[in-house]
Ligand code: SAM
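Next up: a single chain in structure tokens, the form predicted alone.
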């Protein structure tokens, strides 16, 4: 089947297991004229494995703006470019947003291929009650910033990245804010020593007390008490405006994806 040709391709690469790449991704990397890499040394290993001979150049957070004119000139000459990061999907905590904005303004066609991403890989293998979550990227470094972030998103499942060097410190800070929090933590996703632990925060800290290796994805489960308090506040606010129970249920269900029957029952009880 013939494929539509684009000027610029955003191509996900494996997050660990080198076989986790799509056939279309390999084909695209072979057909484009240039591959923009976060680190050419890292990407070259992947290119060698799949016998991809395409020229690669560096594109990272320190030279994003410098590369804009180069990309524009190459595309104007008729060449096509693919963007990859060291692992996973570009622009998910990786460079790419600046060049995509500039290329879109300039009228070039941009497309993204489906593929590996640590967030979706992680979320697809841990228990969750609903689909709603917030992804905050790499969690801040300072204790105050961590505390503020956790408190701000206490009412929703919060997913974040962290380094193995910092994660235990991060968890201990989170524990001061949410001592009874349930969390899920994954390391080395798709690799030989992949490990996913889902438990209360004290148990997870104890499990990894001797240290942890590998890239980290973590989720703090929503505080159900806060969720109930927030829901009650919304119900009262709507009822104060004269909305009836069924109307309240329909509105909140539509806006927040909540179960309509549960909202209706709660509004009747209040």
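Positions refer to the first chain, counted from 1. From a predicted model like this one, the values you see are computed outputs, not experimental measurements.
If you look for the form predicted together with ligand SAM, you will not find it shown, but the lines that follow are about it.
Student: Can you pick the stretch from 65 to 73, 214 to 222, 49 to 57, 235 to 243 whose heavy atoms fall within 4.5 Å of ligand SAM in the predicted bound form?
Tutor: It is the stretch 214 to 222.
Student: Just one of 112, 168, 92, 156 has a heavy atom within 4.5 Å of ligand SAM in the predicted bound form. Which one?
Tutor: Partner contact (heavy atom, 4.5 Å) among the options: 92.
Student: Could you spot which one of 118, 184, 174, 82 gets a heavy atom to within 4.5 Å of ligand SAM in the predicted bound form?
Tutor: Among 118, 184, 174, 82, a heavy atom within 4.5 Å of ligand SAM in the predicted bound form occurs only for 118.
Student: My question is simply whether residue 193 lines the interface with ligand SAM in the predicted bound form - judged by any non-hydrogen atom within 4.5 Å.
Tutor: No.
Student: Going by a heavy atom distance of 4.5 Å, is residue 161 a contact of ligand SAM in the predicted bound form?
Tutor: Close contact exists here: in the predicted bound form, residue 161 approaches ligand SAM to within 4.5 Å, heavy atoms only.
Student: Does residue 146 reach ligand SAM in the predicted bound form if we count a contact as any heavy atom within 4.5 Å?
Tutor: Although ligand SAM is absent here, residue 146 would stay clear of it in the predicted bound form, with no heavy atoms inside 4.5 Å.
Student: Is it the case that residue 15, even though its partner is missing from this view, gets within 4.5 Å of ligand SAM in the predicted bound form, heavy atoms only?
Tutor: Contact with ligand SAM, yes.
Student: Heavy atom within 4.5 Å of ligand SAM in the predicted bound form: which residues of 122 to 154 meet that condition, in order?
Tutor: The stretch touches the partner through 138 alone.
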